[in-house]
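Coming up is one lone chain in structure tokens, specifically the form predicted on its own.
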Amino acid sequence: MNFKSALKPLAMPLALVAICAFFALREPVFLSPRNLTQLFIEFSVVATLALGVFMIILTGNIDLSVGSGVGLIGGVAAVLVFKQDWPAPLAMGAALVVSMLLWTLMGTLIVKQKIPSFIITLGGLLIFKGLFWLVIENSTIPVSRGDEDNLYSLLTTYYLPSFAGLALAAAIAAGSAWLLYSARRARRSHKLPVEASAKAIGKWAATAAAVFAVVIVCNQFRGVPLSLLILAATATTVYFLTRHTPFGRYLYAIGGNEEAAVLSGINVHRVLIGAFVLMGVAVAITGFMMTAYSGASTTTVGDLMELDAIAACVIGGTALKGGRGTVWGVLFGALIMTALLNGMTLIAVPPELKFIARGSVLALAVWVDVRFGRT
């Protein structure tokens, strides 16, 4: 049992290392700065969506509509910018509002009418897909007109200068050190137990080293991509919400035991609707980045992204029944999924085998959750 407990935290890092080693041996270009930078962009897109799904799954619900939503919201913004000549910030803001309204409506139907989230979001998947095709008129809308000032296309094509990336990494390392020190001091002041200093410093050093490694690798290509900064801001926000606010504690409580949450005075309906509103925000951000990364709004944007996001959550240790999961786990799960998809593309795996691999990973992740989630 002790060996099993000690091995559990290493499972995801070892899986990631194994995947990267396999693809690096098959195709050395996998570890090139150019490919790794593109991998980080893909990771940013998948992880941003997965963080939204994470908050839904924490409550014991599910959202199958996010992939279609990514295409729809990205398409709405693309039409407004490139067909209606709206300024990109205004168009993206309008699309964000649309996304929040749609997910508020779904959340309200789920909690007020007591309809299972599986059914409502499955219907949303089909409705959003149909609306998406209507919005773009089954055509391809390029997300670039050659103007470098277009904010939409810059989401996945802008890179920080080398010095800015290194300065940002140093700021993150210093900021995390200060937060660690403050948290430990606060716990001591309340006579609460704290983690051993050597272990805490080791975790901080490993995190700082990883941040600098990412920056150095990206700087060997064009620099740190803007999409990675968007993911960092999203992850920080979700981490703060889930770990340092009553709203986050309520998410875990509802997923752990909804009846007990009601009896303890938690406004379950309001919290669940709030989770779906935040899901709408995550869908909008992902839709903008995914459409920009694809270079155009087409009928295939967002296809099967809901499965990748759910798989990332489950691989990262989020329980499908709710009540258990971490932001760090979701990020690791998303990185594993992205590395797998990127590597298969690089070695030219046939599309049919890609589908089989994605489905197998999702099935395996769910099996692991059911088999070992009780421990």
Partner chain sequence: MIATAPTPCILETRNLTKRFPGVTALRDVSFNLKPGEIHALCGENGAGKSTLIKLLSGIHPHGSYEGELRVDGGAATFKSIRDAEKSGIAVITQEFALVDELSVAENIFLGREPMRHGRIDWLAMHSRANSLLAGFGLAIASETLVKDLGVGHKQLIEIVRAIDKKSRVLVLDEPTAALSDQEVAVLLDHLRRLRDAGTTCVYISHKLDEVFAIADRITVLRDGASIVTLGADTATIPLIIKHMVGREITDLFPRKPSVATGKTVLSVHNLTCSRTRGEAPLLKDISFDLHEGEVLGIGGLMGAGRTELLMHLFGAWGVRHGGSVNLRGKPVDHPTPTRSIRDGLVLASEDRRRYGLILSQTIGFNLSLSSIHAFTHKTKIDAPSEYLRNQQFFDQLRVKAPGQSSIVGGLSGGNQQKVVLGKALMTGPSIVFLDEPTRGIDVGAKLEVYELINRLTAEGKAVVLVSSELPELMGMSDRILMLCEGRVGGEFSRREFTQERLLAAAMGRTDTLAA
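Everything numeric here is computed off the predicted structure, so don't read it as measured data. Numbering follows the first chain given and starts at 1.
A second form of this protein, the form predicted in complex with its partner chain, is not displayed here; the remarks below concern that form.
In the model of the complex, its partner chain lies farther than 4.5 Å from every heavy atom of Gly130. In the model of the complex, its partner chain lies farther than 4.5 Å from every heavy atom of Tyr181. At the 4.5 Å threshold, heavy atoms of Val262 reach its partner chain in the model of the complex. In the model of the complex, at least one heavy atom of Leu192 sits within 4.5 Å of a heavy atom of its partner chain.
Heavy atoms within 4.5 Å of its partner chain in the model of the complex are found in one stretch of 196-204, 220-228, 262-270, 109-117, which is 262-270. The contact residue chosen from Ala88, Ile136, Ala235, Ala253 relative to its partner chain in the model of the complex is Ala253, the criterion being a non-hydrogen atom within 4.5 angstroms. Counting a residue when any of its non-hydrogen atoms is within 4.5 Å of its partner chain in the model of the complex, there are no hits in 272-306.
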